[in-house]
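Starting off, we have a lone chain in the form predicted alone, written out as structure tokens.
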Amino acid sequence: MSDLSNAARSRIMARLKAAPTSVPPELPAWSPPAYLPDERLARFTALMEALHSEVYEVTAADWPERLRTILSNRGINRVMYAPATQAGRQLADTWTNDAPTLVAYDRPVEELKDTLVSGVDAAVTTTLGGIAETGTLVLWPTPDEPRLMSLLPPIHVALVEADSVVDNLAGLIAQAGWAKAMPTNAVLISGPSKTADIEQTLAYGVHGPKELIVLVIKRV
């Protein structure tokens, strides 16, 4: 480094050190939003639907049959699911018809890439919960149910337990105990994939699923 560069560097550092310190402004008083149980679920549903998602309330016993009917009515032929999860086992055990066909995510991703990209019409995943404040799903992908299942097929079907919908993200972090074990890949989803070009023309499905179907499972 030349003497000129050293001198310039020294002047800059001297000015920075001589600059007066400032006190950061006080944060305004703020409390996270909170909702009553019925309001919480209603807000979550309304915001998800406003963001171009379909939301159905189902029960723990009937959601596989409801899902089969929803997908059959859309002409869906092949649906991927995770057989190693509890929801996946229930889906396989109670699937009452061969149409649509269930496709198991039961092999390494290298062997299922073509299937994920072009071999299924939809994929079913569980969720960690939902956020009422923003109408958002929270996914915690695992090796049994990887992120690609909710990213590559044209339709993503998300299962969310009604009592796992919380007021806000801070509440979900506290409820899930993230202070002790942070997820390596938490995914927040607020509707199907969408993007807009410079003319502000909105398009769905460019960077992910073009449709999002949410089954809110109520325990009765």
Partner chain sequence: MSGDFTKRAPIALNDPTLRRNFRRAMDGLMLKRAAQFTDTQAWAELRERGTAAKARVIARLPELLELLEAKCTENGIQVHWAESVAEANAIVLDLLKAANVKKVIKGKSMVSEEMELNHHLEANGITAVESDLGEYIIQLAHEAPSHIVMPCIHKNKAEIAQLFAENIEGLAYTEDVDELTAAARKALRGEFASADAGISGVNFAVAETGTLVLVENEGNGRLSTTLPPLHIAVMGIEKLAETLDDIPPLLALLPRSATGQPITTYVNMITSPRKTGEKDGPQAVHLVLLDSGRSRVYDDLELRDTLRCIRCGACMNHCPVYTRVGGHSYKFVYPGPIGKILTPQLEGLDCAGDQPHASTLCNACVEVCPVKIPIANLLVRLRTEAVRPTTSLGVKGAGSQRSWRETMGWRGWAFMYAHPVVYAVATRLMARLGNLIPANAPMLREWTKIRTKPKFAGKTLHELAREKGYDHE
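Residue numbers count along the first chain shown, from 1. So that the term is clear: the rigid core is the largest set of C-alpha atoms that superpose within 1.5 Å between two forms. Computed from a predicted structure; not experimentally measured.
There is another form of this protein, the form predicted in complex with its partner chain, and it is not shown here; the text below is about that form.
Here the chain stands alone, but in the predicted bound form its contact with its partner chain, taken as any heavy atom within 4.5 Å, falls in 189-197 among 189-197, 159-167, 34-42, 55-63. Out of the listed residues Arg89, Arg78, Arg74, Arg147, Arg147 is the one that sits within 4.5 Å of its partner chain in the predicted bound form by at least one heavy atom.
Thr136 belongs to the set of residues with a heavy atom inside 4.5 Å of its partner chain in the predicted bound form.
Though the partner is left out of this view, Thr69 does not reach within 4.5 Å of its partner chain in the predicted bound form, counting heavy atoms only. When contacts are judged by a 4.5 Å heavy atom cut-off, Ala179 counts as touching its partner chain in the predicted bound form. Its partner chain in the predicted bound form is not approached by Ala46, whose heavy atoms all lie more than 4.5 angstroms from it. Shown here without its partner chain, the chain has Tyr105, Asp106, Arg107 in 79-107 lying with a heavy atom within 4.5 Å of that partner in the predicted bound form. For Ala174, the Cα coordinates differ by 2 angstroms or more between this form and the one not shown after the core has been superposed.
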